[in-house]
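Given as structure tokens, the chain that follows is alone and in the form predicted alone.
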Amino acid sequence: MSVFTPVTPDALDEWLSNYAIGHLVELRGISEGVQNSNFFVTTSLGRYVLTLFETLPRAELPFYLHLMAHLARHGLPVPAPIADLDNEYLGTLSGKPSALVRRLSGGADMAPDAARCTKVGTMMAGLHLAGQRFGRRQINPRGPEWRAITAQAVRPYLPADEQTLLDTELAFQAGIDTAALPEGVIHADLFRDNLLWDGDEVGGVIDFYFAGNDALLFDLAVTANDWCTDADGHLDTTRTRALLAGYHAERPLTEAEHAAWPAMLRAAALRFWLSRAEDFHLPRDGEMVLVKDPNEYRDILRQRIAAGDALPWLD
């Protein structure tokens, strides 16, 4: 989360007059993240997160908001969107499409152990199972087409060895057939800072604005690359197996998914190398912007390639 478009208390207070959540008490910008403008909002009746959507087309936003509402109705700890007095989730503030969601309790754990990885796997399976009944469909916005376009945009900024790595991996991924893999709605960005812990329990899963339909295994690969990777870029066997076991207990993984696991880990690493390289080399102006190091995921991609098929799976 970042702040690209500022919001004044007066403008927000006027905007909130079309909601039934009380008057504004506090407005505070959130610096973490890279995609939208985000603020913590406290009113006389509760705590919320305000998002101004900077790049996502307005026509795509109902998918994300209704997905969160759907998952919340199924009992999952996700930020339920708040409807205004016209019963709409999506509004306009400071000239940008905007939405309020309920703020969840808890904080991130940036050094999770295997027990917490098991709970994350269980939570992800719940998200996937509930998502099977979600009536809307939208392809993964950071899928193969986006990766190809973004690769061409960032390639001129990369040194020769990284250009070769990028070209080789794109060619490898183009040859992967995912037709046999179970598909559905995925979060696609379940990093450690997008899951809140309330004590030892999952307090909330946040930031659904990269969600879309794709191979469910890709979601696990994104999560494993963040939650289960050591400082040197290798997957920790204990944490990876814990993550997969928690998931497998709720939605059994298939043999086709086992076979595709190395390629999915590489695809997930490529996706975040590209997005971070784009943010680094082609930044957008903003008031409070966090740009993450693209080299972290370049190195993770290299490690996954070097590992071949020798990657942790279910015990």
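This is a predicted model, so every value here is computed, not measured. Don't overthink the numbering: it's just position in the shown sequence, from 1. Whichever C-alpha set is largest while still superposing within 1.5 Å between the two forms counts as the rigid core.
Note that the form predicted together with a further copy of the same chain isn't included here; everything after this is about it.
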Which of 231-239, 163-171, 128-136, 91-99 lines the interface with a further copy of the same chain in the predicted complex (heavy atom within 4.5 Å): 128-136
Heavy atom of A306 within 4.5 Å of a further copy of the same chain in the predicted complex: no
Interface membership of D84, a further copy of the same chain in the predicted complex, 4.5 Å heavy atom rule: yes
4.5 Å heavy atom contact, H70 to a further copy of the same chain in the predicted complex: yes
Any non-hydrogen atom of H74 within 4.5 angstroms of a further copy of the same chain in the predicted complex: yes
All of Y157, I206 and P294 within 4.5 Å of a further copy of the same chain in the predicted complex, heavy atom check: no
Contact residue in the predicted complex, chosen from M123, L220, V185, C117 - any heavy atom within 4.5 Å of a further copy of the same chain: M123
In the predicted complex: members of 35-64 within 4.5 Å of a further copy of the same chain, any heavy atom: S44, L45, Y48
Rigid core superposition, D84 Cα moves 2 angstroms or more between this form and the one not shown: yes
Core-superposed C-alpha of R47 shifting 2 Å or more between this form and the one not shown: yes
